[in-house]
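Below you'll find only one chain, the form predicted alone, shown as structure tokens.
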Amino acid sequence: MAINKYKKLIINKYSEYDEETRLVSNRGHNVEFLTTMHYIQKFLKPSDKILEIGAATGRYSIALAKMGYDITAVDLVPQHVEKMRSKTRRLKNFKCITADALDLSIFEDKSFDMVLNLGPMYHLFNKKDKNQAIKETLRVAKKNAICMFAYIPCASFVTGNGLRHQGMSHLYAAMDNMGRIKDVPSEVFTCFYIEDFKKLFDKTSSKYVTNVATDGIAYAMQEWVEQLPKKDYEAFLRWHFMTCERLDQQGYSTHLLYICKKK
């Protein structure tokens, strides 16, 4: 049984972090939610059975359950699961469980029509665990099921921690000679070059569909985005949806979404 040995570190981080309101706290973050939901709905079929791994407090899963889908949500952090339960007592098509993305043995092979891995890849610090999380996600997906994996690009750390929070010298000390930021568990979050993330799927039972910049430039430019009049903000969103699969929009997105189909 695989276990994330940094479980306590992750739980402690989220005990002091307001994940409940993050995706709706400002336009920069809300673009991530809107884009991810756009792609989930793009691939959903009526009566699909959906698993979300790393569901946090259920922002996506609860929205999908209210749309009528059969939802199972799992998260590593017990307080996240309790929060989900408190919000869904009347939803008969929603269940949530405390579980580790590295060990989904509570579910049988080929159980779900869509599997969303929207958080665990942020907190895995060696190749073995990253491969295991991908393997488990694909294992519980039915043939031809769509699987989505959220991850953080390296440039996001530079624009956020490096520039916005003035920690560039600290980040630079953690880089290799290609500018990759090394996996350091004490930093809690990990990041990828896009090509390195895609390589993780080379020998898996999956077929690449697309890669999406879920918030694009919205977070990096959030002060400007927040100031846009409603008409201009709506135009920005339309442009974002038109261009978020383009490679030239992806490097500075705070979050990326890798979409594949189970073979």
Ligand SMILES: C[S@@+](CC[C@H](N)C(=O)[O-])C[C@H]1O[C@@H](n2cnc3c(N)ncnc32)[C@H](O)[C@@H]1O
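Because the structure is predicted, anything quoted here is derived from the model rather than measured. Residues carry their position along the shown sequence, with the first being 1.
Keep in mind that the form predicted in complex with this ligand is missing from the display, and what follows is about it.
Ala99 is the sole member of Ala155, Ala99, Ile146, Cys96 with a non-hydrogen atom within 4.5 Å of this ligand in the predicted bound form. Of the residues given (Tyr39, Tyr60, Tyr219, Phe197), Tyr60 alone sits with a heavy atom within 4.5 Å of this ligand in the predicted bound form.
Proximity to this ligand in the predicted bound form, taken as heavy atoms within 4.5 Å, picks out 116 to 124 from the listed stretches 176 to 184, 158 to 166, 88 to 96, 116 to 124.
This ligand is not shown here, and in the predicted bound form it never comes within 4.5 Å of any heavy atom of Gly28. Contact check for Leu9: no non-hydrogen atom falls within 4.5 Å of this ligand in the predicted bound form. The closest non-hydrogen atom of Leu76 lies within 4.5 Å of this ligand in the predicted bound form. Looking at Ala56, you'd find a heavy atom of it within 4.5 angstroms of this ligand in the predicted bound form.
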